[in-house]
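For reference, the chain that follows is the form predicted on its own, supplied as structure tokens.
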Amino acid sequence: MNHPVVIVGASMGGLRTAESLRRFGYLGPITVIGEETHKPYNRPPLSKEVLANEVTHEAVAFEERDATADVNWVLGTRAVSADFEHNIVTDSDGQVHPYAALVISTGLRSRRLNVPNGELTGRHALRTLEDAIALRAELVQGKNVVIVGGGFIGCEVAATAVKLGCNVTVVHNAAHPMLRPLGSELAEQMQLRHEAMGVTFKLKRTVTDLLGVSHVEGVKLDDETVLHCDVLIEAIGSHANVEWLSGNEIDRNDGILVDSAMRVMQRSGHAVSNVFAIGDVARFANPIFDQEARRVEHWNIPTETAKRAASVIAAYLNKSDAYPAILDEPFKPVPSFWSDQYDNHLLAFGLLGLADKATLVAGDISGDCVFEYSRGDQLVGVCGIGMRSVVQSYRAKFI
């Protein structure tokens, strides 16, 4: 096997895979193909502290380590196809990349509004560094900003825009922002904290059209309400980047189905021994919770899945006697995420969205507090505003 490990996706997951391959003893060549021109950078701060200041690659770039100094970075090009039978990836420049093992780390792209007058300028999403640079230029004092989507990204951007002096309205299709992960009590409390800072919410509403001739000047809601705006931000979810894998007999329904070793599963039910998927694009079962395969868009999952895939790849390519035992190791990462909104610092472990009950267990709902999230009698998550030591103590309960 003289061909390199090819990693498609120059994201945090791609970088962590390369680093972990070296850590687990793979000394062969590594090629990373990335659509963006930038080397890997940290995305979560793009909607938080970085967006509030000057947005640059230097502000979010990951440290380059000596172990991966020899990685071949193929940037500014995207993978357009993969042939699992012949072990090759073709990129948008027409270059063919043979591989000994392939790691799919193509992540997500922003979902956009599908409305009749959708060709207007002034529409923004927030997924990449370039997105953040373009949006930051628009967030100036006095601008009227409409954010469609009241999830974490929408609320983080709302908090940042308010701090920059913008007038912010959030349109959300549920009764409270962040309702599904946080539950009604904590979600309502976060809504109150946003409103106290000046954010207006239009809840249980959707956008049906955009107003303007060339640049967006407003949005029309499903109740015929018109909201005038200078800046429109769409934070309505994401699509998994899997289309380039068509032609391979694999399960690409809502991401890529993988086994516990991160090996891509064929529709026949067999794993592809040298093709792996990691991060937001991978759909896998986590026995901490149940046997249902899910994509998990939490901050630590790209790193955890990268380490898991790299350990398997290194053993496989090095023909290690330990390979069967490594394959059989259970994979039970504890999902975690964090969110900063004004002075509210949220930290969570588990899968809060699985819960049918959220219970205040520490602190006061109007201040710092901790909620447990349960599905029946099973603890599936914990989230706190502040009280980090209390929240972090729960992590051991999932291991």
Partner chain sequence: MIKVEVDMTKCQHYGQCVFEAPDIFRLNADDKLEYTAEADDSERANIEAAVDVCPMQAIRIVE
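Positions refer to the first chain, counted from 1. Since this is a predicted model, take the numbers as computed values, not measurements.
The form predicted in complex with its partner chain exists for this protein as well; it is not shown, and the discussion that follows is about that form.
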| query | finding |
| --- | --- |
| Segment that reaches its partner chain in the predicted complex - one of 300 to 308, 318 to 326, 73 to 81, 209 to 217, heavy atoms within 4.5 Å | 300 to 308 |
| Partner proximity in the predicted complex: residue 56 to its partner chain, non-hydrogen atom cutoff 4.5 Å | no |
| Partner proximity in the predicted complex: residue 372 to its partner chain, non-hydrogen atom cutoff 4.5 Å | no |
| Any non-hydrogen atom of residue 36 within 4.5 angstroms of its partner chain in the predicted complex | no |
| Residue contact check: residue 356 to its partner chain in the predicted complex, 4.5 Å heavy atom | no |
| Residues in 355 to 393 close to its partner chain in the predicted complex, defined by a heavy atom within 4.5 Å, in order | 386, 387, 388, 389, 392 |
